[in-house]
Every structure is written in structure tokens, then in C-alpha cells.
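What follows is one chain in C-alpha cells, specifically the form predicted alone.
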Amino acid sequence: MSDIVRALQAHMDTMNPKEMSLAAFIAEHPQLVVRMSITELAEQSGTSAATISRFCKGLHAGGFTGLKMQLATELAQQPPATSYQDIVAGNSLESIVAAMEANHLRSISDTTRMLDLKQLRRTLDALRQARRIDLYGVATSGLVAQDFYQKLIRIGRPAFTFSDPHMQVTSASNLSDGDVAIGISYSGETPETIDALRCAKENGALTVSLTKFGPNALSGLADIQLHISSLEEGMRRGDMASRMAQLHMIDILFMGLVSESFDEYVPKLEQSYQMVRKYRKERGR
């Protein structure tokens, strides 16, 4: 199942009747949709060209042509059908190890296949030019924000992150034009993260969201949207695979920054490593 189809199925209960009809047709006939014109899809799904255009915009697909291109790419690159494996009572240690490997590899693979390079490019440019970078996230997404924070400060980028939601808003209130704020939430519906990103946007910062694929409040608020794989809903292992996908995206951003400013950032990485090594050794004497 492609990420677009998965996202459509996950959000059908929030759609109006026309959107539900359109989403159901796309989910049931993705191979046909990639060969259709917008007029043909409107006729077959019982909707209109205007409804399809609005629908694609809500999916951040870049219009109907963008939706077809992404569908075609996902269908062409789709690996053999395998499902994310849930936690099962009494599983052997061997099967648990195999299940976790399969879940993490699938999550990373699905996210890689749906990367929007234009959005990545915009994010890298913004991070490189930012006077200050704020990172917002709670719970599992908060750990991902902490990971990106420690990477950024190692290369001398002025980054801030707080686990307390009130401090996130306090920090966001001090941003302005030229700053960047990144909100991280798998669901895209975490109220605390939405509040912090909205505050940053109101104060003039450029905002970036990192969420699962599909329409959600956080990505709808952000200037730049980054997406990770949309996992099946209602499964107990969701925060495991989603965390791996989020960290995968963070590593891509970090590697992109360092690679494109190699002569500036690699000496700082080396310096931070040597200083930590020096003071760790001195403290141990």
C-alpha cells in the first residue's frame, strides 16, 4: 500500500461526502488514477475538477499532476507486500529481533521513497541562513528534537529546544524574521507543538513541520512541510517506527548541512569532539 493511499484511508472520517468518494476511488484504483485526466477522475469518482484540485492541495501534493506523479513513483518503487509487525504476546526473542528489523527498515524505506527534494532544499537553505533555530516536540518527538539540537550545536548553529511546552512558547515569542522554527509531531495534531509553531510564525519566523504524510494541523500551519511514512493507525508499535523515520529525516538534514558547508562545519565537529574528549579525560583523573 502506498503512503498516499494509507493517508487517505486514515483521514476518511474527517472528509465531506464528495472528498470521501474521491478518496475511496483513489484508494481502490491507484493504478488507474495515474493514467487519468482530472476530468476523467471527476467523472469516475462522481466529483468535480474543482473538488479534486482542492483535495490535492490539502494533501500537499502540488496539484493533480503532483498527486499522479507521487502515486506513480510509489507504485513503481513499492517493495513486496509486507506489513508492519505489532507487539504480540509470547513472541520468541528471535521473532522480536526480526520484527523490529523489518519495521525499522520498512519505515526508513517508505520515508525515503516519498521525500520531496524541493522541500528538503528549502529547509536546508533556511537552516543555513537562520540566525536562530528553535525545535519543538513533546514525548517521542521531543527526543527527536533533542537529537537534532545536539547535532546542530556541534557545528556551531544557534539552536534551542525545551521539553516544557510553556518554555517552547516562551522561546517562540522571542523569534523574529530571519529565525527558523521546526515543529516535530508524528500525528501533526499535538496541541503543544502546534501552539509553539503558531507563536513562532506570528512573530515572523519561518516555520517547518515534520509530520506523517497527509493533511494535519501542524503541516497546514507551516511554511515548509516535511513528511515521513504514514503507518497504519491503531497499532501499538507506531511510536517505534515513526521515531526511526523522524530520526532518518533529521540525519538527512544534518548530513546535507555539513556536506554543503564542509570546510566550515567539519572543523567545528572535530573541535567539539576533541574538547569533549579532553575534559572527559581530565575529569576522570
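So that there is no doubt, residue numbering starts at 1 and follows the sequence shown. Heads up, when I say rigid core I mean the largest set of C-alphas that superpose within 1.5 Å between the two forms. From a predicted model like this one, the values you see are computed outputs, not experimental measurements.
Same protein, other form: the form predicted in complex with the DNA, not shown, and the subject of what follows.
- Put simply, Leu221 is far from the DNA in the model of the complex: not one heavy atom of it is within 4.5 Å.
- Shown alone here, Lys18 lies within 4.5 Å of the DNA in the model of the complex, counting heavy atoms only.
- Proximity of Gln225 to the DNA in the model of the complex: non-hydrogen atoms within 4.5 Å are absent; the residue sits far from the partner.
- Mapping the unseen interface onto this chain, Met255 falls outside it, with no heavy atom inside 4.5 Å of the DNA in the model of the complex.
- The stretch from 39 to 47, 256 to 264, 241 to 249, 23 to 31 that comes within 4.5 Å of the DNA in the model of the complex, counting heavy atoms only, is 39 to 47.
- When the rigid core is held fixed, the Cα atom of Leu269 travels less than 2 angstroms between this form and the one not shown.
- Note: the CA-CA distance for Thr14 and Ser107 expands in the model of the complex relative to this form, by 3 angstroms or more.
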